[in-house]
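What follows is one chain in structure tokens, specifically the form predicted alone.
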Amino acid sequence: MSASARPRDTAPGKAEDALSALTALVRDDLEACNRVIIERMQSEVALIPQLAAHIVAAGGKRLRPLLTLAAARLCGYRGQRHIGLAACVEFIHTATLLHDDVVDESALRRGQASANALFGNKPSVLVGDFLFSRAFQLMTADGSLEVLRILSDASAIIAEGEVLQLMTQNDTSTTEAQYLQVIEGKTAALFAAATEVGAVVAEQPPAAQARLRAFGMALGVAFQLVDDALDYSADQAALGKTVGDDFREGKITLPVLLAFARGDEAERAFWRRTLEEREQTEADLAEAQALMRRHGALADTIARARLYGDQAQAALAPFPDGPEKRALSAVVEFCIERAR
């Protein structure tokens, strides 16, 4: 990525330090959450825990359950309900990863061979279904209809976002509004639910619940915008998946939309050939990256992510100062600074 595409305040290690600080702040809760995850992914059907353990133990940052744990503590909650709900959030996320990798035919996940590459598509889909079911068991065990509504709504919205992405894939006439609808559904909806349930278990008033939901939604959009830029700019080891996957699959992301809109007719013909017609050569990814640099598409995608990061910070601002608030604020920077 060019210097102009890097966000400000990107001292080495700063972003990871922010995530480490959040993890340390809720360490006991996270360890309890991990115990629930390990316990609930067990089954007498041996392939289920074997495949589930492959992805659950593959080095994920547990960002979404961390948000649930920290949001509950931010709101003064000192009980235990948030632990099971954080595990529920992680199961929903993991199930969607298993399904996504099958749909996308991905070979890598978090720098390792994806579950579908190792075990096959059918087991990956079915174990994803198992984890969704475990998530709903955890929701019902919590006993709150409001929590059940929030998390089940998020599950439905995630599925809608993935289907909408299929509908817009390979279509260069996709609008920015449609693109935002996709990422709000497939990514940001679970961030929003993860933070909102933290306020719900703490019995916060509706205004506080809405603020934490808005925080999660803006953070999730920023996170996905950065992911979409990284697909064209990161190195493979840092990204944890094959660089250029979105390009090879014909996904229409904001960097593509910006480069397409700003290009001349010859450049637009390039995007139509490679993304709509799926006629790609080995040199085409490098050409796509060059076009994005020429038109500032990556830098502007990161700038857009920072605007959503600012929205997340604004939603967090009314909460009283404290370690949880400072840690959540720093995580906003972590999500954006991955693009450095």
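Don't overthink the numbering: it's just position in the shown sequence, from 1. It should be emphasised that the depicted structure is a prediction, and the values quoted were computed from it without experimental measurement.
The form predicted together with a further copy of the same chain is left out here; the points below concern that form.
a further copy of the same chain contact at Q280 in the model of the complex, heavy atom, 4.5 Å: Output for Q280 is no: heavy atoms all beyond 4.5 Å of a further copy of the same chain.
Using the partner position in the model of the complex, report whether H82 sits within 4.5 Å of a further copy of the same chain, counting heavy atoms only. H82: no, not in contact with a further copy of the same chain in the model of the complex.
Does a further copy of the same chain come within 4.5 Å of any heavy atom of R262 in the model of the complex? The answer is no: R262 has no heavy atom within 4.5 Å of a further copy of the same chain.
Since only the chain is shown here, I'm wondering whether V221 would be in contact with a further copy of the same chain in the model of the complex (any heavy atom pair within 4.5 Å). V221 lies outside the contact set for a further copy of the same chain.
T140, R149 and L166: each with a heavy atom within 4.5 Å of a further copy of the same chain in the model of the complex? All three within 4.5 Å in the model of the complex.
Pick the stretch from 283-291, 37-45, 309-317, 268-276 whose residues have a heavy atom within 4.5 Å of a further copy of the same chain in the model of the complex. Contact criterion met by 37-45 only.
Could you tell me which one of V200, L190, V127, A115 places a heavy atom within 4.5 Å of a further copy of the same chain in the model of the complex? Checking each option against a further copy of the same chain in the model of the complex, the one that comes within 4.5 Å is V127.
Though a further copy of the same chain is not shown, can you say which of S155, S233, Q204, T174 has a heavy atom within 4.5 Å of it in the model of the complex? In short, S155.
For 295-324: residues with a non-hydrogen atom within 4.5 angstroms of a further copy of the same chain in the model of the complex? Residues within 4.5 Å: none in this stretch.
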